[in-house]
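One chain comes next, on its own, written as structure tokens: the form predicted on its own.
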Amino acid sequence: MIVLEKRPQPSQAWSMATPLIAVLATMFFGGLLFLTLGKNPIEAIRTIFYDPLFGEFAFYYRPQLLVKGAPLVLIAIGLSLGFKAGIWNIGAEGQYIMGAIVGAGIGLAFYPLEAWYILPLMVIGGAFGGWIWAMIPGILKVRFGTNEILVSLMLVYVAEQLLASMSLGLLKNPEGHGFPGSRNLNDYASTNGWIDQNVGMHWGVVAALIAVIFAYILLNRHMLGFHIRLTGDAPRAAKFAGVKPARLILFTLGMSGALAGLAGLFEASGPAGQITIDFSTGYGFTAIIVAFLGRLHPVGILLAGALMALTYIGGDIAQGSLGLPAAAIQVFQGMLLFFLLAFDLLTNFRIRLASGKVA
């Protein structure tokens, strides 16, 4: 018989070890998954984790780490602020889409004007688009006590419909010969989000690094950060400390929405280059894995974002060279969160066997 016994204090050792154990477990069981698909598991794992960094064409794939990792880190930093306070924004994908629509829409509205101030206006618009979309579940929760998980998640599907509508309507390229999608923003210097395309550097990477620094200072050097941590760790104590729940909900949801919107804008003005029906890439959902894999710590999220970007790039290589289906790569990525949550149980509980031995 196995009994879960609550620890007097959360285990710091297990808390630190859990992400590494989750990654190793994902490699092992992911290898078994690839084996059932008739692929060599060792070759598949090597292709995903080794080839993008040290393989024959690593010089081409390494810059993609910045391209793939930046939006994941940017979104995950925003989500972590709410998660630390027990506020669950699951709709970052919708905020990412809305940020791209509003920001790119501003840039396209100025076409064919070339001016230095257009990209800054797009950045403001992108942040505002994500912020306003996150305020919907925030205000509904504060005013009517609705569940922010359900509302934010349902708004993702609304945002996807708006994306399709804009790609086929208002933002459609009039010179696109009937194809859905906007003009290519990379063709115009005033709306181009790239800094150096050869090394994968775009303004989204800069924004992600700034967000990591900002979140670290906020959580460790500011009273608001203390209130966020206190609300998540001890809600009753937070009330006695004078924390205003409504303000905290609106701040964390608004911040996560704004950062997700920025990620969408930088993706539209940089790597993607335009607004299309299939612009939604799932970054908003994958960022949830990144946030928890990074233990909701800004530096941890930066490292977790790099790891997840590696699985994206390596997964693409594995699909092309080994014939692995895209769904298998998505399952492999999902295993990270599954094992992280499973092993995280041991942070707060110890396993006691019937014989009295403790694991």
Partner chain sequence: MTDILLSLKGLTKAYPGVVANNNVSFDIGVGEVHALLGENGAGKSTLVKMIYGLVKPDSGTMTLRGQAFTPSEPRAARADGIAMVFQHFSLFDALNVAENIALGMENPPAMRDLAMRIREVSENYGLPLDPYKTVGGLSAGERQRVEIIRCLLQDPKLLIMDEPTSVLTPQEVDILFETLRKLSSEGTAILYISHKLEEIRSLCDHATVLRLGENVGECTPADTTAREMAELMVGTELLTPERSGRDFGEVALDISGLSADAPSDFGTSLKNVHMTVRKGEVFGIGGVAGNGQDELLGVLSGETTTQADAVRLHGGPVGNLGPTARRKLGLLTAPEERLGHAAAPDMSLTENAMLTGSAREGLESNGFLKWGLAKDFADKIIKAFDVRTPGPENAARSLSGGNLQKFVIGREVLQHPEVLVVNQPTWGVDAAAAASIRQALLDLAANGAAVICISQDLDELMEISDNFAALNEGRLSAPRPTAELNVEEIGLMMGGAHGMEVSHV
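Positions refer to the first chain, counted from 1. Just so you know, these numbers come straight off a predicted model, no measurement behind them.
Below, we turn to the form predicted together with the partner chain, even though it does not appear here.
Should W116 be counted as a contact of the partner chain in the model of the complex, where contact means heavy atoms within 4.5 Å? No, W116 is distant from the partner.
Distance check, I289 to the partner chain in the model of the complex, heavy atom within 4.5 Å: It does not: once the partner chain is placed as it appears in the model of the complex, I289 has no heavy atom within 4.5 Å of it.
Would N348 show up as a contact with the partner chain in the model of the complex if we use heavy atoms at 4.5 Å? N348: yes, in contact with the partner chain in the model of the complex.
Answer with yes or no whether H177 is in contact with the partner chain in the model of the complex, where contact means some heavy atom within 4.5 Å. Result no; H177 lies far from the partner chain in the model of the complex.
Answer range among 250 to 258, 223 to 231, 156 to 164, 185 to 193 for contact with the partner chain, defined in the model of the complex as heavy atoms within 4.5 Å: Selected stretch: 223 to 231.
K6, P10 and R352 each touching the partner chain in the model of the complex (heavy atom, 4.5 Å): Yes: K6, P10 and R352 each sit within 4.5 Å of the partner chain in the model of the complex.
With the partner chain taken in the model of the complex, which residues across 237 to 259 come within 4.5 angstroms through any non-hydrogen atom? The stretch 237 to 259, when checked against the partner chain in the model of the complex, contributes A237, K239, F240, A241, G242 at the 4.5 Å heavy-atom cut-off.
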